Each structure stands twice: as C-alpha cells, then as structure tokens.
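Presented as structure tokens, the chain that follows is alone, the form predicted alone.
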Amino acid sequence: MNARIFIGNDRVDAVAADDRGLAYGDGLFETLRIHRGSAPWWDRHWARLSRGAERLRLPLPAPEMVRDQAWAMMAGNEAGVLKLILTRGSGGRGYALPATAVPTWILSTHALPPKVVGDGLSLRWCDTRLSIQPALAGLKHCNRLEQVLARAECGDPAHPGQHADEGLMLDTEQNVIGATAANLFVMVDGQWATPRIDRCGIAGVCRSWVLPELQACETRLTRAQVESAQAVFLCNAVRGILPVARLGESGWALHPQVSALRDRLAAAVPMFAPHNERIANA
C-alpha cells in the first residue's frame, strides 16, 4: 500500500492522536477504481463526497489539490484501487464539534480484488442487521462496524463449504438493503428493482449509473422477493456488475439482461471491459 496523509494543505507523517475520524468515525470515504493512471469516475465520487460533507458539516480540502495528489499517486498504475478518507480532523475529547475544523485527508492505493470466477457470486444472508438512521442514509461514512461484523459471517475462503463471496444485509425491520460492499438489483415480475436507501445503506456510484440504464424502481424488498427473483446481481464502483449465481437454496443462470448490462458498462467505462479484468488480475 502507498499512502499520503494531509492536514489541510500540509502533508504529514501520521494521523493525529485526537483525530475525530479515529475517535468517532467522524468522516467519509470513497473507493475509486484506477484505470491507466487515472480514475474515470472521479467526478461522480467527488460529487458524492461533497454531498456527504455538506450533510455532516465536514470541511472539504481544496478539490484541485486532492485531485493533483491523487493523479500523482496513480501515475503509471495500470489498474488498482484509490481510497480517499476525509475526517473532520483534530477535535479533542468529546462529541461536540470543534469551533474550527481543519480536515484530515488520506489517499492510498491498493491492488484490485480478485475477479469473479465461474458463473457468478455465491451469497449468504447475514445475521447482522443494519441500523435505521435517516440522517446517515446514503452516505459512505466511516462508521462501518455493521459491515465488518457481517463480512466476518461470510466465512474463511480456506473452507469453501462454509464460505460465501458476499453477504446480504437486512435492516432492523427486515427490509433487504444490499450486500456488505455492494448494491443489490433484482428482477421481480419482469421489472428491475433495487432497495430504497432512505433510512440506511449507501448510494453507490455504480448504482447511480445502473438505475437509469435499467429504469429500475427503488422500493422496499423482502427476503422472499430476493430469493424468488428471476435474476440477481450486485454492483459497485470497483468491480462493476457482479452476477449472482447462488443464494442459499436459490440459484440463477446468467440472465441475458445482466450480460447486456455488463457490455454497456464496459462500452461506457472501458475500465470494466473484460480484457482489463484479465490484466488487472493477472
């Protein structure tokens, strides 16, 4: 991992001990796919970060400076992941907002996750539930303990019989919200649908691309509707469109509309083209 840390406009060697992101998860983050030394969806990610910062009253660093530093770190990187973390910065002990906040921001680069092999992902239902909190719904904030616990339920890859590639999560009222690190789309009665995220969940960048492409509706979904759906896939901004093959006793072949959607995404955003997947994971 290659990382750079900044407090305001100054590059530093370490995060401050009283940083509110470390103490309280008081921050936001973005995870972007790198393609040939750049981040093709940079503007979409920055727009989401800006919306989240406005809602949380977080100060943003200068966009030009963040972009310049990001591009310098991605230079020469054929494929990978860029992570941007933004916190409120130092604030002392206690929950009260500091009178003056100087943001901490961290950029780091990482390898791409392994590509999907076989006919699609194997999923499981997670016991861990997502709390309902409309004030944070849609935001990619730094409070991710629910996802950490849920992801641990997916098991150890070294024990395939107990392992799932991803886990699906429900809220505390038993509504399906999505996967631990991806948004969910299902075909129900010939219509594409995705869970509403007005009370919890993340407004994914790839999700925002898929919604108009499929003319999908945002609705409350039950576990039974997902299990009996005609087709299921996940999506996120790093891995693109991820077909789902199995969920418990339910199974699906690759649906033609999912295959066509993957082709349209690859045409619109070449970093998701199949040959780039092979290069990235060679």
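What you see is a predicted model, and the numbers here were worked out from it, not measured in a lab. We number the residues from 1 along the sequence you see.
In what follows, reference is made to the form predicted together with a further copy of the same chain, a form of this protein that is not presented.
Inset, instruction - Tell me, please, which stretch of 38-46, 56-64, 253-261, 215-223 lies within 4.5 angstroms of a further copy of the same chain in the predicted complex when heavy atoms are compared? - result: In short, 56-64.
Inset, instruction - State yes or no: in the predicted complex, is some non-hydrogen atom of A266 no more than 4.5 angstroms from a non-hydrogen atom of a further copy of the same chain? - result: Output for A266 is no: heavy atoms all beyond 4.5 Å of a further copy of the same chain.
Inset, instruction - Give a yes or no for P270: in the predicted complex, does one of its heavy atoms lie within 4.5 Å of a heavy atom belonging to a further copy of the same chain? - result: P270: no contact with a further copy of the same chain in the predicted complex.
Legend entry - Touches a further copy of the same chain in the predicted complex: D26 (any heavy atom, 4.5 Å): The answer is yes: D26 has a heavy atom within 4.5 Å of a further copy of the same chain.
Inset, instruction - Using a 4.5 Å heavy atom cut-off, state whether P114 contacts a further copy of the same chain in the predicted complex. - result: Yes, P114 sits close enough to a further copy of the same chain in the predicted complex that at least one of its heavy atoms falls within 4.5 Å.
Legend entry - Heavy atom distance at most 4.5 Å to a further copy of the same chain in the predicted complex, all of S228, I241 and A245: No: none of S228, I241 and A245 comes within 4.5 Å of a further copy of the same chain in the predicted complex.
Legend entry - Those residues of 137-152 which, in the predicted complex, come within 4.5 Å of a further copy of the same chain by heavy atom: Read in sequence order, the residues that approach a further copy of the same chain (within 4.5 Å, in the predicted complex) are H141, C142, N143, R144, L145, E146, Q147, V148, L149, R151, A152.
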